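Presented as structure tokens, the chain that follows is alone, the form predicted on its own.
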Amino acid sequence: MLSQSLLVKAARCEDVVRPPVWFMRQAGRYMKEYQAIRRNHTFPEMYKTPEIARDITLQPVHVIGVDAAILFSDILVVPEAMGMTLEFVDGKGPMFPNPVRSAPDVKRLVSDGSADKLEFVYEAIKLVKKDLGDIPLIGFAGAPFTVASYMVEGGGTKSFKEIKKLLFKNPDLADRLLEKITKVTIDYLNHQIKSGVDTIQIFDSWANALAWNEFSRFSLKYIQKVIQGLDNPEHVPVIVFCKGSSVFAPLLENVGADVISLDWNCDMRDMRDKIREDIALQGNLDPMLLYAPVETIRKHVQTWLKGMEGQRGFIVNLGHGILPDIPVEAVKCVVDTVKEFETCRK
């Protein structure tokens, strides 16, 4: 593990010369280098072919200059490994033709040994690590609730009708489903740690669909089980990202994560005063800022950095992922401004 990298040191709330910077969805559609590969391959072909996954993972490091790479993959490899059929439909995204809705559906899901089927992910990690040098690699998985949402809804959703019906009408069945996903997720992340990732992020992308009590009951509980189940002797830092994290931050503080990734609805400096100082904070720029002129972006980031100056445990990121049509120049402007901040302080 690259324990002296900016990302790992910041995640451990150690002294750094400047905050590290990386972005969720930094390897993707906004880059022409990614588009060139995508023209010749389906999305599953890209993340299931270790050499292609490696190349896409490395693109933002070479082009944008970020301080960390995040593995190019997908959170839905877990339900696919558990026996579900996953399809990617143009204009609709990921789809499960046979969603999980009943006790027999849950029973059919395989948890034992499922993570062993994801060797293409572990091979991609090993290939990336050979080429990254002193840049850390972030591995990841979806939080059990978010993964369950896709499995029950049959794909993406705006209403979360089916998953919420399951939670309220049959909470015991929901627990059985979440327990199975949790087991596979633990095994999956342990494989990633053994393969060489330097940090892990758990994505609860649909956490904001839940009310306070349901978040504690059906999301937080299982994220905590995942973290507690990690075989992590070198203490690879764990980041937890929940959409709606500024609302749930008081609960996330006790989940066992090293880093809480915050959305843009909160003030980062204010959250630093509210969350234990031994927990690092990540975020929380509004992705929409990146549509602004670069000079506006630069001034906004400079002001934001000054507000966090002197604070340990601070990782620069967005409050969510990079959108597909954001200009590369805007993303690079954020990186360059963060790196210039180190020079200005000397």
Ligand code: 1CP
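Sequential numbering from 1, following the sequence displayed. As the structure is a computational prediction, the values presented were derived from the model and not from experiment.
Quick note: we don't show the form predicted together with coproporphyrinogen I (1CP), though the next part is all about it.
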Can you check whether W206 is within 4.5 Å of coproporphyrinogen I (1CP) in the model of the complex, heavy atom basis?
yes
Partner contact for R38 in the model of the complex: coproporphyrinogen I (1CP), 4.5 angstroms, heavy atom:
yes
A53 versus coproporphyrinogen I (1CP), in the model of the complex: is there a non-hydrogen atom within 4.5 Å?
no
Contact with coproporphyrinogen I (1CP) in the model of the complex for Y34, defined as at least one heavy atom pair within 4.5 Å: yes or no?
yes
Which one, V16, C333, I326, M24, lies within 4.5 Å of coproporphyrinogen I (1CP) in the model of the complex by heavy atoms?
M24
Only one of S73, Q224, S111, S195 has a non-hydrogen atom within 4.5 angstroms of coproporphyrinogen I (1CP) in the model of the complex; which is it?
S73
Taking F96, K180 and F218 as the candidate spot, are all three within 4.5 angstroms of coproporphyrinogen I (1CP) in the model of the complex by heavy atoms?
no
Name the stretch, out of 310 to 318, 24 to 32, 287 to 295, 273 to 281, where some heavy atom lies within 4.5 Å of coproporphyrinogen I (1CP) in the model of the complex.
24 to 32
